[in-house]
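So this first bit is one chain, no partners, the form predicted on its own, shown in structure tokens.
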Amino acid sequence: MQKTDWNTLSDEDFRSQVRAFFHANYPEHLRYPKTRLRWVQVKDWYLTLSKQGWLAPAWPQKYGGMGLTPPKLLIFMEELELHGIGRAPDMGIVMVGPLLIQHGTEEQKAYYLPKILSGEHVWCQGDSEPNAGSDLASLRTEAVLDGDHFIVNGQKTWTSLAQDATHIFMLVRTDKKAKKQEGISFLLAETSTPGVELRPIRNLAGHEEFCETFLRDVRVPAANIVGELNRCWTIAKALLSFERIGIGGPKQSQYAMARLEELALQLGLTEDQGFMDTYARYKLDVLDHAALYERFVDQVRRGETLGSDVSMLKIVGTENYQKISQLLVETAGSAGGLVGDVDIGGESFDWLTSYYNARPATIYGGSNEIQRNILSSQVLGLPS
């Protein structure tokens, strides 16, 4: 396939080409999915992107990516959201791949990267633990060197779509005597390895997007360590910063506000002063969030490293989403507890999906309480 330097296009031309491709190729029935898509649902789209060479927009072209600069990458991501493209199992693309490109050996790059692009390897994330979620440095999963293998024992939780994954990347403790931010390593393993047990977690909506992962005497080749032994905390923090701008965008709240406005129109609430006061306050909060998001996006466009203050995005975005989804349910009145699509005035509404999705949002990606502590100590310099 002939490589195109997408960065030479104007932003307008690039956006137009991306939008046209998504419109022509993305399955209509998968637009704006209400739950995370499973591999069997989205595999064909994943392979379509792979064939186009668009599966890994941020990877350098020499490794099979698009090689997009930050401004072009943001346009690509915006068009994904605007078209309602469901998130595929993408841990290999957004986390494992960039990590290997920067810190992996040549052998690791040659083996893993092509298999991520081909869909042969599907990855899940093994970071959080039952007592080490927001405070990952407290993790207890242990990897002990035994010859040319590590023996891994421990438990991970909130392992998104692990039931579809062929591989898992894990933060593991390889030096119990070191300080808690030290002695941690980054390890790659196959989920089919004896001793790996995946148990789906059913949420309130009846979906199984997450799993808990049990590791009992799992033998992993020592060659599967990425980066230096006992020195991966810097890697972990870089991944978390990227995750927080990824989950800190305003699109969820903007979509929920649009649905709230549609519902209010159907119910004739635009003349209700009490409702409109609340609506206006939430609308302004979402506009403030969008402006804050653009501030951090500008940093990315300039090629600057995101600092600890990016935690503001996660706090503002998730708390806005929660209160808007709560108001949606309350506004629906007696129909607010109905599951699935509900017809009101010829319009279809599903407020409980937003409500359920919003409940854990202040916890995942580092709980908001922890994010406030980070802002307090690392941004404002207040005593802990």
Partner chain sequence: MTDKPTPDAAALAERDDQVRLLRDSVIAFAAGRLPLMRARKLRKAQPEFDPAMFAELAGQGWAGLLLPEEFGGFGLGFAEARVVIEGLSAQLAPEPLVPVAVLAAGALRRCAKSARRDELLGALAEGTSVPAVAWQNVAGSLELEQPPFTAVRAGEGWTLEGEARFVRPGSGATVYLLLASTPEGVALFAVEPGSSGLEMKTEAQADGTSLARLRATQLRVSAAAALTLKREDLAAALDEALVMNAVELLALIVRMRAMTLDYLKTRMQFGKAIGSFQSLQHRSADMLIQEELTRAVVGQAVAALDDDVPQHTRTSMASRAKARAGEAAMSTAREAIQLHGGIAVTDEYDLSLYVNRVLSLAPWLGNAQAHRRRYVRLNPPVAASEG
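Positions refer to the first chain, counted from 1. These numbers come from a predicted model, not from an experiment.
One more form of this protein should be noted, the form predicted in complex with its partner chain, which is absent from this view; the next part is about it.
S.K.: Residue-level question: is Gly147 within 4.5 Å of its partner chain in the predicted bound form, judged on heavy atoms?
M.R.: Result no; Gly147 lies far from its partner chain in the predicted bound form.
S.K.: In the predicted bound form, does His121 come within 4.5 Å of its partner chain, counting heavy atoms only?
M.R.: Although its partner chain is absent here, His121 would stay clear of it in the predicted bound form, with no heavy atoms inside 4.5 Å.
S.K.: Tell me, yes or no, whether Ile201 is in contact with its partner chain in the predicted bound form, where a contact means a heavy atom of each within 4.5 Å.
M.R.: Heavy-atom contact with its partner chain at 4.5 Å: present for Ile201.
S.K.: Using a 4.5 angstroms cut-off on non-hydrogen atoms, would Asp13 count as touching its partner chain in the predicted bound form?
M.R.: Answer no; every heavy atom of Asp13 is more than 4.5 Å from its partner chain in the predicted bound form.
S.K.: Between Tyr255, Phe275, Tyr111, Tyr282, only one gets a heavy atom within 4.5 angstroms of its partner chain in the predicted bound form; which residue is that?
M.R.: In short, Phe275.
S.K.: Heavy atom within 4.5 Å of its partner chain in the predicted bound form: which of Tyr26, Tyr63, Tyr356, Trp54 fits that? Just give me the one.
M.R.: That would be Tyr356.
S.K.: Pick the stretch from 65-73, 324-332, 30-38, 46-54 whose residues have a heavy atom within 4.5 Å of its partner chain in the predicted bound form.
M.R.: Selected range: 324-332.
S.K.: Across 320-346, which residues bring a heavy atom to within 4.5 Å of its partner chain in the predicted bound form?
M.R.: Residues within 4.5 Å: Gln326, Val329, Glu330, Gly333, Ser334, Ala335, Gly336, Gly337, Leu338, Val339, Val342, Asp343, Ile344.
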